[in-house]
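First comes one chain, alone, set out as structure tokens in the form predicted alone.
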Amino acid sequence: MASQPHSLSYVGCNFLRQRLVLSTLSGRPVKIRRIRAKDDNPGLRDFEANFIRLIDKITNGSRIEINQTGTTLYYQPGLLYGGSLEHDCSPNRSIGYYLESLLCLAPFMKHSLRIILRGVTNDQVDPSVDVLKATALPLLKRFGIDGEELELKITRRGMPPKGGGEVIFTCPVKKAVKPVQFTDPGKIKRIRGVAYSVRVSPQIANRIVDSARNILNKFLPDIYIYTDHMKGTSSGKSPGFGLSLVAETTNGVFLSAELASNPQGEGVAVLPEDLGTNCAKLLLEEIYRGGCVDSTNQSLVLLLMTLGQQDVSKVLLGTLSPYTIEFLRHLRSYFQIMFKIEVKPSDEERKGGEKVLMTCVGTGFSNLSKTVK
């Protein structure tokens, strides 16, 4: 598979972010060939080129070579530098697409990261900023990445197709990640959510909340869904609405689900009531799947376990998503690390779907670029 001992070689456009993120952390160059070679419009898409520019911004001394058609990419990672940055994301994907990778890289930079990202904050493809704020940040804290600096703030919302949203993400740097034993999810104690509406009637958010509560109130009483109606300049450039829900358990596990309306001018108009009902059902499905980490953040938790100190980490997950399974293969290629995977069948009716216990010994990754004070 590898053309020379240090460099890794891949074919196709799948899992581009995973490959570049792991390459940056492990210091191994990567070459990706035949990116959409047989497509009518071959090569890297706008949002992928935009992502590569972001990686270039946060690192120092990276070498990036792309051929004329954009079908071959060679990336030799530099040092993660961080600092204070701004980046305009491609409106084809939401800010969540870029944030997911920044969450993996930010703790291991030389200077703590403060970045302003502009673009689409909520869409139907990527995890929204609301969900990442509610689920990924508590996860980082478990691994010892915390402090007042760890913050994700939404200053403006932007819906597709035109975007216009803005978020500020700050993250402190850490020398090393501590191992975790995270195997008991606990019981659901409360559900929180945000129903947002931009450039549409504020009444729509209330209709979403009512329909979601109709379903969730049968499950448990402690439910609070905030309505977030942005007006004027803070509402971005396109109309839209949506809902993100997060269930919290007695042991501090956060499980999330979300839905957004169709972009302006695309597809059928969605009724706020339907959106609220469907989002509530998605959350119940996520709760049934269970585990200590929701399906959005499975790859983040596995990466942090891999980079932990040389000690055993255990995390109980719900069913692994196809994205996570590919991520495990990549972890093996880049860090030569294998996870022990034990399937835990659900004994009781009330415990939901079958769970997977992931165990590994961390690689003892140390942040070499962090300045010594």
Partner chain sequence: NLESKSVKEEDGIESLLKEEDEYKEAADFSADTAGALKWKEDLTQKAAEAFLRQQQSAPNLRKLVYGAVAEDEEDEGEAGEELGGLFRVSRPDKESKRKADALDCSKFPVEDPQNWDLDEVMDSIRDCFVTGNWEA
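Nothing here was measured: the structure is a model prediction, and the numbers come from that model. Residue numbers count along the first chain shown, from 1.
Note that the form predicted in complex with the partner chain isn't included here; everything after this is about it.
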Heavy atom within 4.5 Å of the partner chain in the model of the complex - the one residue of 191, 303, 194, 115 that qualifies: 191
If the cut-off is 4.5 angstroms on heavy atoms, which of these, 175, 141, 218, 153, is the one near the partner chain in the model of the complex? 218
Answer yes if any heavy atom of residue 13 is within 4.5 Å of a heavy atom of the partner chain in the model of the complex; otherwise answer no. yes
In the model of the complex, residue 361 touching the partner chain (heavy atom, 4.5 Å): no
Answer yes if any heavy atom of residue 135 is within 4.5 Å of a heavy atom of the partner chain in the model of the complex; otherwise answer no. no
Report whether the minimum heavy atom distance between residue 250 and the partner chain in the model of the complex is within 4.5 Å. yes
If contact means any heavy atom within 4.5 Å, which of 165-173, 229-237, 200-208, 125-133 contacts the partner chain in the model of the complex? 125-133
For 312-340: residues with a non-hydrogen atom within 4.5 angstroms of the partner chain in the model of the complex? 319, 320, 321, 322, 323, 325, 326, 328, 329, 332, 333, 337, 338, 339, 340
